[in-house]
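The chain that follows stands alone, in the form predicted on its own, written as structure tokens.
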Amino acid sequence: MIDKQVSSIPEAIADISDGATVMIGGFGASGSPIELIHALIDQGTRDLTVINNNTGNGEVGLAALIGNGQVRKMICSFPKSSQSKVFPELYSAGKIELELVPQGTLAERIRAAGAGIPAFYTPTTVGTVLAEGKESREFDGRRYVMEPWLQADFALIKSEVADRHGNLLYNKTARNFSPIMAMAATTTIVQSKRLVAPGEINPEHVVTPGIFVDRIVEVAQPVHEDTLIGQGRAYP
């Protein structure tokens, strides 16, 4: 079996190049891989397309990546929330692109990519501006809109426990989009709070199997987005 542990965060994300499409796990602050995102800021990679549930909060994590001018386009469900200010200002100024996707459709588009399904039909956006320009069909008397899968070059996710083979456990709802993102990306990079030896995770408890993980870096004391925001912190 392949040992997927890498020695440092910069090494883990080193090959994320300009123009890449990157999925980033997290539901708001929950499950956000802050250390991997900040390393991407330090690396200076630009012209990114980022797929996430939202557009970040405060001036740390994803919001900091956007604010640093490194993201060309966001694909998300919630471009504005109670603590988001960076993305709305840039979008209003025409400095960043947005593809708005309903949350259930976002999850299914990601899952479809991991399952090898190039497109599917959903009634969610029928009759709205989000359906404009998209193929639609009628099934059993109801109209459905075709949505394409969402694939990515990289996925950045956060786990609670991992072994060196890449098997992952998450901390409750911090799992959110991470399991399906791991399946939909060409390269999946994981920061884990705890790294254990192979065999220490009960196989019946594994959420993401190691076959979907390419690199793991241990971050024993990860910072939390809400904590940084509460402290009035900004990055870099």
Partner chain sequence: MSIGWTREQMAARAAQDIADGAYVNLGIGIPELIAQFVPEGREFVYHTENGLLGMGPPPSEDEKDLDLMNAGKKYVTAAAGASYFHHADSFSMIRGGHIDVCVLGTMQVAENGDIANWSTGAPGAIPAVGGAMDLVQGVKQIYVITQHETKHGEPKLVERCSMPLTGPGVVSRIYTDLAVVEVTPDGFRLVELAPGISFDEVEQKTGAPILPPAR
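Not measured: the values here are computed from a predicted model. Numbering follows the first chain given and starts at 1.
Keep in mind that the form predicted in complex with the partner chain is missing from the display, and what follows is about it.
Remark: Pro179 counts among the residues lining the partner chain in the model of the complex, judged by a heavy atom distance of 4.5 Å or less. Shown alone here, Gly31 lies within 4.5 Å of the partner chain in the model of the complex, counting heavy atoms only. Contact between Arg111 and the partner chain in the model of the complex is found at the 4.5 Å heavy atom cutoff. Mapping the unseen interface onto this chain, Leu130 counts among the residues with a heavy atom inside 4.5 Å of the partner chain in the model of the complex. Residues of just one listed stretch (117-125, 67-75, 149-157, 133-141) have heavy atoms within 4.5 Å of the partner chain in the model of the complex: 117-125.
Think of it this way: in the model of the complex, the partner chain has a heavy atom of just one of Thr188, Thr45, Asn54, Gln191 within 4.5 Å, and the residue is Asn54. A heavy atom within 4.5 Å of the partner chain in the model of the complex is found for one listed residue only; from Ala174, Leu195, Ile41, Val206, this is Ala174. Contacts with the partner chain in the model of the complex, taken as any heavy atom within 4.5 Å, map within 205-236 to His224, Asp226, Thr227.
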